[in-house]
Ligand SMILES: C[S@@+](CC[C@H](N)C(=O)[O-])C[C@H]1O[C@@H](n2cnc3c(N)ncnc32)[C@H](O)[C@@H]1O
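In the block that follows, a single chain appears as structure tokens, in the form predicted alone.
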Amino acid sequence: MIEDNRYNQLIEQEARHWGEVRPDPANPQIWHDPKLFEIFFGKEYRHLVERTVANGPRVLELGCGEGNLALELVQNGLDVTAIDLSAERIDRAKHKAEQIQAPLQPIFLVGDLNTINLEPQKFDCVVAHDSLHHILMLERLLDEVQKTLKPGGRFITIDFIGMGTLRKITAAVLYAMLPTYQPYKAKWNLRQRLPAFLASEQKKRKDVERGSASMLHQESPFEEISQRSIITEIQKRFAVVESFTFNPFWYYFAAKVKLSGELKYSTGKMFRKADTLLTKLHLSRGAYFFMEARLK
């Protein structure tokens, strides 16, 4: 068990980190480039949206960030409540909501998903996009999801479930070698982060329990605190309707490597096809998964 003071320190650090996240030219991220996001995640993301729309109308989003998914859902006619840890991100989501026209306005709330209490049988569907791997108290949160869904309600998610040590080492070596927007000197200074980058879910959780931070991300301490257990914990509580993994390994480099113009996108498409082929041939395990599950 983690002590309250220790937990409060970590969750405050987590909230502060996400509140400060902005596009950074020296360290670009794929979710800040719509064309790259479409190449590596577009098909699966659209499937998430379609299945959520089909299972509305009242929807809860867990870990909404700056509100992009929530706003897309309300524009599809859904009644959306969305929660995020960061008050700054919720403020930005509210500002975005003011700029759109939709049948209903989303309700944006600040809340800690590790400790939140949800109203019983309130929602037809709960959706989580790339947020569960940041949840320390995953079992508790999924119990709350069970409680807040109406009979027959659906839980729909896309999330990261880990790459495995060999693939992480490969990623680290390639990032160190390839010409990126981050200079080589800055990348060399990141070497102290390798233990946290390579650590398994179990090592991270043990690190938290003993009050250490050697296996935790320096800015976002709960990064990857849940991985493969996300699937098993959902399966314990829900009846799986659809589930598949996918393997966008090269997404990690796509926004960061210096490639000019359309070459960035054509190279991204080539590597995304290679990722898909490796998964189909069972030569690589998917680092991400989609799951739709029904309340039993």
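Predicted model, so just to flag it, every value in this text is computed and none were measured. Just count from 1 along the sequence shown to find any residue number.
Missing here is the form predicted together with this ligand; even so, the following discussion is about that form.
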item	value
Candidate stretches 184 to 192, 165 to 173, 100 to 108, 123 to 131, one within 4.5 Å of this ligand in the predicted complex by heavy atom	123 to 131
Contact of Ala196 with this ligand in the predicted complex (heavy atom, 4.5 Å)	no
Heavy atom of Arg89 within 4.5 Å of this ligand in the predicted complex	yes
Contact label in the predicted complex: Ala274 to this ligand, heavy atom within 4.5 Å	no
4.5 angstroms heavy atom contact with this ligand in the predicted complex for Ile11	yes
The unique member of Val208, Leu149, Ile135, Ala93 whose heavy atoms fall within 4.5 Å of this ligand in the predicted complex	Ile135
Position in contact with this ligand when the complex is considered in the predicted complex, options Glu139, Glu201, Glu72, Asp112, heavy atoms within 4.5 Å	Asp112
Contacts with this ligand in the predicted complex, stretch 53 to 67 (heavy atom within 4.5 Å)	Glu61, Gly63, Cys64, Gly65
